[in-house]
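Same chain, two versions here, written out as structure tokens and called structure 1 and structure 2.
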Structure 1
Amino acid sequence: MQDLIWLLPTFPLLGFLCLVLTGGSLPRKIVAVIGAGSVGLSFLSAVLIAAQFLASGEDYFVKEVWVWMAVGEFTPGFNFYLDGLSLVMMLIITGVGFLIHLYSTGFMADDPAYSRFFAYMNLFVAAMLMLVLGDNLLLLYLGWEGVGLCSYLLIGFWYENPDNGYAARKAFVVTRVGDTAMAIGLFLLFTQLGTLNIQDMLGAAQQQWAIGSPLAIAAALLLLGGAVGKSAQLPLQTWLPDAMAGPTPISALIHAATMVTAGVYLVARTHVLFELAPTVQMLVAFVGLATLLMAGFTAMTQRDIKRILAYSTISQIGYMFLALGAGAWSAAVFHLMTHAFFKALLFLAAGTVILSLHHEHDIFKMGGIRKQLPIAFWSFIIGSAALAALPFTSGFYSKDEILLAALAVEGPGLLLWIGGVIGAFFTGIYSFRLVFVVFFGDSQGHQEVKEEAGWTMAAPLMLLMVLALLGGWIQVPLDAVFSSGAGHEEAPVSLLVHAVMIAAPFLGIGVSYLFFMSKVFDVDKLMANPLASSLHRFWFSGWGMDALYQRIFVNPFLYLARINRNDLIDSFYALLVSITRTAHLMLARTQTGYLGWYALSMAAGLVLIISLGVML
């Protein structure tokens, strides 16, 4: 079965090809079967492969499917590499992916571009699998760019609205900044270490580079650039909230569960490099900390249900980066997994709410719908509990590990820990703010609520609820992967620390309750305070990052473009064009059609080259 690992990306790819080649002429039923079924088959094979892999007790497994080409030492191939890390990723991608596909068959039922939607989704799954299963940099890069492309296509899925197109372009351009850094990083690794194979490369790096050597730092920094872009971390986080313009299942699959965590995967996969560059690793931790706090503040002030979830995603990935920075590789991946469960659950539930309320996104226009939408309600309760890391939910276990790891970091450990706890406190506030405002209180005069949709949408929610609750009990088989980083001693931690960590989210929920449920405190009164309201505005705008970028990047660029209208660079190209044109016209004149002239040119050519030969 393991030998059939190539089937995993092949199924969705075939699904994509089927859907594209038929060009939307298939009936919806068949599109649904192909679209969801291909990922389902992929999941099934993933489970079988995982079972066999775990039973075999091997540390890793390589399947060479084919060598694309063999040019000297350069032999890129379609080789798949399976170890604990890619196993976890592969199960998340296919499993959660399948549930989201299933959900989408109901969610997108009314959309005219049904077939196109599933085509893109299938392509995405194939590319994402390629990214996590590839054993060389080329496949990794292919998958990386493939998911970026699909993300772009799907954010702008409803392309009739120019805003969506704008959001898609923004996502593309911002992540491209990171991608460029990563491409340079990969090239650096290839040229320095002389191999495309990731494992060989890491081994070579360990042998050739000393800890803290400039090359290792440069490579790790460049890779971090790519990871930061893809995973929407500071300072490249601005694209993700806007990416919510896409259909909600997209937000669940791409912008919560899988693609945005590719950065975490990348860092975890190349953790050897980061261990060789401790300063960069520390930078990772602080990037994560800053991001999780920033996004936590912002999430508290948002009104759009999907934007709240988007900021919470940014914040949770911040936790993962914090874990990576702290060297707790397994904890990061563990949190990646639990986050995939509960965030997918939250997004899908949000999708149900949005669909039932006729595409209403503003939470303050919802209110009191827990009776009408019980499944969505319970999804939100469980999802938010896991998100806030209440005890015994999946999020609790993973976040606990991260915070403990952060505390164990030498030097700024306490700082990181305090930041993480504050973040947990905010998580409690914003996640239950959402629940209280949307599901309790009075109905805010919204229209009648549509029935919750059929089983295709309910079943994935149920399953994800179970996973969000119990996912913390899953043992991720990562010890073999991160053996090199296993130096962390589990230091005994005082009860106080545990108490603070458990209390922080409850405290947040309490605050949230007082503000939004019992209305003991009034938000409006708070807003009357000028300091609070300006803070609110500041946080609401995502710490003014967009405005800042507008001012320091976009405006100068536009300004340059404006003063440069007739312009230097363009005229350079125009010059090139006119040079080639002139060259063409001049050379074309030599083609006179006269035989004598042609013979003369041959003789002249002969004399020319013989003169060269005799003189040299």
Structure 2
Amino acid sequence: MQDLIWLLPTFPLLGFLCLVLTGGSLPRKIVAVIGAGSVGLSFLSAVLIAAQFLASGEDYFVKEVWVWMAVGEFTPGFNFYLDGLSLVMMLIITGVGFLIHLYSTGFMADDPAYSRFFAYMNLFVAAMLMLVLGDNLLLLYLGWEGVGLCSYLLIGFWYENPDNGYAARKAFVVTRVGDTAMAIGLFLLFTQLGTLNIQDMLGAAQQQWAIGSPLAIAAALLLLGGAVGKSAQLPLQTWLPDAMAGPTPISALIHAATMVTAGVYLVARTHVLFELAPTVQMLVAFVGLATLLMAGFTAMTQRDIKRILAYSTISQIGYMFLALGAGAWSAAVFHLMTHAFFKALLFLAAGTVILSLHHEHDIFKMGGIRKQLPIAFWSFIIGSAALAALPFTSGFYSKDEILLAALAVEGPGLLLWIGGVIGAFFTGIYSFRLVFVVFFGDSQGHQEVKEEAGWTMAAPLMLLMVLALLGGWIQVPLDAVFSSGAGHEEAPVSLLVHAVMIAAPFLGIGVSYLFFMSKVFDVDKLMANPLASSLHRFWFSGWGMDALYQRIFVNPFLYLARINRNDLIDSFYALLVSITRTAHLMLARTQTGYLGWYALSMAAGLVLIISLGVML
């Protein structure tokens, strides 16, 4: 069965081709079968392959399909590499992806571009599988750019609205910054190590580069640039909140469960390079810490239900980067998995709420809908509990490992741990602020609530509720992948440390309850304070990052474009054209048709040539 690993990206790719080539002419039921069924076949194949791989006891498996290109000694192939890390990723992509596709068959049922939606989604899944299964960095980069393209297409899916097109372009441009850094990193690795095969490259790096080598630092920094772009970490996080312009299932699949975790996968896959560059690895930790705190502050101020979850995603990926920087590779991947469960659950539940309230996104125009939408309500309760890392939920086990790993880091470990605990406090506030405002209290005058959709939307929510609760018990087979990063789990930790980590989210929930449920504290009175109001505006704007980039990059570019409106380069070539045309007209005027004039011209030319010859 392992030899058929190439089927995993092939099924959704065939689904994409079928839907594109038929041009939307297929009946919706057939489109749903092809769109969701192709990913379902990939998931079934992934389960069978995973079972055989785990039973074999092998550390890894390589399937060589064909040679992609042969240029001298550079012969990258379409080869698939299976180990514990890629196994976890392929199961998340196909499993969670299938549930989201199934949900989408109901959510998008009334959309006129039904077939185009599933074509894009299928292509995304195929590209993401290529990314995580490729055995060389070139094939990984093909999938990397493929998911970037699909992200652009899906964010701007409702392109009739200019704002959606802007959000799609913004995501494409911002992530291209990171992708360019990553491409330069691949050039550096190939020129210095002679290969892009991931395992060979890592082995060569260990042999040729000492710890702290400038080349290792440069390579790790360039790969980190790609990772922060794709995973929406500082300073390239600004695209993700605007990406909520796409349909909600897209937010669940691409911007919560899979694509934005590609950067985490890249750092984990090339962890040897970061171990050879400890300063860059520590930078990864601080990037994650700064991002999770910034996003936590911002999430507390948002009104749009999807933007709250978007900033929550940025924050949770910050925890994954914190784990990577701490050397807790397994903990980062573990949180990646649990996050896929509870964040997909929250986004899909948010989609149900939005659809039931006639596409309302403002949480303060909702309220009191827990009885009308019981499945969405319990989805939010369980998903928010896991997001806040309450005990016995999946998020508790993974976040607990990350915080303990951060504490074990020599030097800044205590600082990293305190920052992570503060982030957990913020998570408790914004996650249950969302629950209290949307589902409790009085109705805020919204229209009549539509009934929850059929089983195609309810079944994925129920399965994800189970995974969000029990996913922390899943054992990820990563011992053979990472040679280090697990020892922190054995270090003894005081009961006080555990108590603080458990208490932090509960304190956040308590604060949220006092403000938004019991109304002991009045938000309006708090906002009357000038300092609180200013901080609220600053955090609501995403710490002014968009305005900063507008001033530093966009405005100067537009200024230069206005100066060069007539294009100086084109003006030079236009001058050449003008001179040529003038000369042509002058010569054309000499063509009079009189033989005497032609004879005189020839004689004059002959005299001129002879004179020049004599002079020279």
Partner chain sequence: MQSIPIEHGLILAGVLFALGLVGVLTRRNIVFVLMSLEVMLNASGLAFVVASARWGHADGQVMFLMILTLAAAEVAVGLGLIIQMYRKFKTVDIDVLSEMKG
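Computed from a predicted structure; not experimentally measured. Residue numbering: structure 1 sequence, from 1. Throughout, rigid core stands for the largest set of C-alpha atoms superposing within 1.5 Å between the two forms.
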| For this pair of chain forms, which number matches the form predicted together with the partner chain? | 1
| query | residue 55: CA shift of at least 2 Å between the two structures after core fit? | reply | no
| said: Using the rigid core as the reference frame, would you say residue 600 shifts its C-alpha by 2 Å or more between the two structures? | reply: yes
| request: Fit the two forms on their core, then tell me the C-alpha shift of residue 578 between the two structures in angstrom. | output: 9.8
